[in-house]
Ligand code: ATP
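Read the single chain below, which is given as structure tokens and is the form predicted alone.
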């Protein structure tokens, strides 16, 4: 079948790395003999504010509802005009609106690069719809409020259905990998909330006797990852902890520039690099497109185009191993040169 996928460039380096990802994914699909994707460009971010008066126009959301998935570039919502900063940012809105409850964030070191933890190869499975993220903790508005000018309160929401479904996603993923699941929490202090998360994750994991299951407090987990991160496989945790841990593991693997992710529900997925918009290097052709390309490969895999996804992932690794690298990985290649090399590698005879 032909998939229809949205293309949302975003801000900063987004208009450089998202088209790079489209090029590489097209090459991967062609090499695998798969049907080409129908790409559907849609407005988002600062450019959409200029043309449509909104960082996420209704047209974009309505069109995404008819698509199989999409690529979302990074956004720089902190630089939007004040009235737009007060709203949910595009990424947060789309995760909430489409119930993209599973944020899957791999961290895998590249051969020959200066990884802080050589051999790191793990996945952070982050619950994406509630927890300590106030923008996703209520049906309408946010879970942050100020009853007086001197008091600010944030709600953390933990529900059995949300925990059960993310725990099952993590268990299924661990079954396909090294069969080691680690639950990350803070149950020694946040007993009712993250203690609930730990309890339900263990209940779900009991249905998977093939797995080795352990758990760690979030603060201890950061230490274990720095000291011996290569010992871990699949980490499952709540929203904010997962955001923090995945940034850490991305850097431990070598750079946030290689840190991919998808945000998925049961029937659609959004590919989104784990890093930000890097406005300091935007438009200079220096950005590393690896994370966006690898996020796109994860989307292809989620859609069932595993051969194409594998070809893209292997081409990225081969390109880097041969010495073509962007500055964040110690190389000199720019965005276009690196993308050209990956496309050429995909096209090599097997």
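This structure is a prediction, so every number in the text was calculated from the model and none was measured. Residue numbers count along the first chain shown, from 1.
The protein also exists as the form predicted together with the named molecule; that form is not presented, and the subsequent description refers to it.
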So which of 248, 213, 278, 123 gets a non-hydrogen atom within 4.5 Å of the named molecule in the predicted complex? 278
Could you tell me which stretch in 22-30, 299-307, 62-70, 285-293 has residues with non-hydrogen atoms within 4.5 Å of the named molecule in the predicted complex? 285-293
Spell it out for me: taking the named molecule in the predicted complex, does every residue among 112, 253 and 325 have a heavy atom no farther than 4.5 Å from it? no
Can you tell me whether residue 185 touches the named molecule? I mean in the predicted complex, with a 4.5 angstroms heavy atom cut-off. no
Does the 4.5 Å heavy atom contact test between residue 95 and the named molecule in the predicted complex come out positive? no
Contact between residue 229 and the named molecule in the predicted complex at 4.5 Å, heavy atoms? no
In the predicted complex: members of 1-24 within 4.5 Å of the named molecule, any heavy atom: 13
